[in-house]
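Quick setup: one chain, the form predicted alone, written in structure tokens, and binding and motion questions come after.
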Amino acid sequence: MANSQTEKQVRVRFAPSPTGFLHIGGARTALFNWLYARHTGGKFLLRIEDTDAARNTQEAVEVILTGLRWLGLDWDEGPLTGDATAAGKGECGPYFQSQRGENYRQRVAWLLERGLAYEHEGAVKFRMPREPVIIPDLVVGKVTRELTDRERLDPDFVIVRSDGQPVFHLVNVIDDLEMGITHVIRGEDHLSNTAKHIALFRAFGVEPPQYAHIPLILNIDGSKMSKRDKGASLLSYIEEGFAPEAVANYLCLLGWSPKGNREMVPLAEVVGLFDLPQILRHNARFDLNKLHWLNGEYIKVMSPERFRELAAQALLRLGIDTSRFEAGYVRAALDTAKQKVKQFNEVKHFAAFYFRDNLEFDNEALRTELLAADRKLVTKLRDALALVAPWDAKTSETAVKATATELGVKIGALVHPLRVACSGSTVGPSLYHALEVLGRERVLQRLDWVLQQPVPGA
């Protein structure tokens, strides 16, 4: 029942189970497969291993799709639209194992007919060869898989459970065979399964794909990263406002390294450099502090357009839709935050106030800097700003300093309440640039609101 592979093009796949969680290790595996496909001009397939109906949901599938799209990892084929590029239909759907049950039944029947598998207590078992299996791995090197003492007594293994469900080993091999996968790039924890997979390929009359088992990702202390560890979920990086290009760059460094010990290497450049022999043999340690640093470096050099795009997305997650505002205003507002943030969940502190009619005040700032401020001073400042012309950062700064001199107070007596009145906080972008962006009308409205509030203790 061999399927001849007439094409020599590299074909790789990422085959996650939809459990509602995309582990950072799984994301790294998808990335390495995608990089190898793009480096070689091959194809990257996405296959959802959803045969466990009790655990799998559409919401869990969406977690995977969202994570891959966020990282910029596009896949090339799907069962409905075929090749997305040739069809001209944009993104295609992934393959789903739950839709391939008939393929598995036919392959099992073929094994049973030839005595390569047999029924046992309602299940189906595969006749595993008794001799050692040689695994020529592109990363680990040649591995010889000997039978254990227990396996020598009964090396055969179940490929279809008694409830009729095919097991991972079987469907994984059948799918790789029928989809023409040439290279299986996966975590080293799967190396223990590979002898079984090679035996199944050969039972079907085909040579197995080339294997490349990549190192595990460990915590900084050397322990294995579990689902409960901080940083284990890719979704957390989306929610916490990391730049996807920074996360993708950092994932590249977990098991692969460019020449010259460079750390900041854009994904487009990695495509040209990446190859399987360069993958490091030792396990990678995940350093969240290093990722924070790298994210800040990416934001520093990010184009204004890209910064605005990611900042707007971060604000939208807070329920702030910047598309309701005039485009020039949004650009100017977000530009004042660019040099202040190191990850995009900080944008709320430096830009959210531009887009809120009713400010959310920092309680301590409201009490100490605003409500306790001398209302006569704030009134004088409000009147001075009403006369500023033209309305820009330079003239408003001149007006504030002149008012402080006129009143005989330190400039902080005006700047601090002015900042809190306009932004709701004692921290934010450059005050005078913020005033310019907000515009005279908004600034005066916010100062008027302050002056209408009751004086504490009065």
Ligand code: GLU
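Note that residue numbering follows the sequence shown and begins at 1. Worth saying up front: this structure is predicted, and the values here are computed from it rather than measured.
What follows is about the form predicted together with glutamic acid (GLU), which we do not show.
Stretch 183 to 191 is the answer when you ask which of 228 to 236, 352 to 360, 303 to 311, 183 to 191 has residues with heavy atoms within 4.5 Å of glutamic acid (GLU) in the predicted complex. Residue-level contacts in the predicted complex: of V12, V443, A15, A434, one residue has a heavy atom within 4.5 Å of glutamic acid (GLU), and it is A15. Just one of F204, F157, F168, Y104 comes within 4.5 Å of glutamic acid (GLU) in the predicted complex, counting any heavy atom, and that one is F168. Taking the partner from elsewhere, N172 is found to have a heavy atom lying within 4.5 Å of glutamic acid (GLU) in the predicted complex. Mapping the unseen interface onto this chain, E49 counts among the residues with a heavy atom inside 4.5 Å of glutamic acid (GLU) in the predicted complex.
Contacts to glutamic acid (GLU) in the predicted complex (heavy atom within 4.5 Å) from stretch 394 to 426: none.
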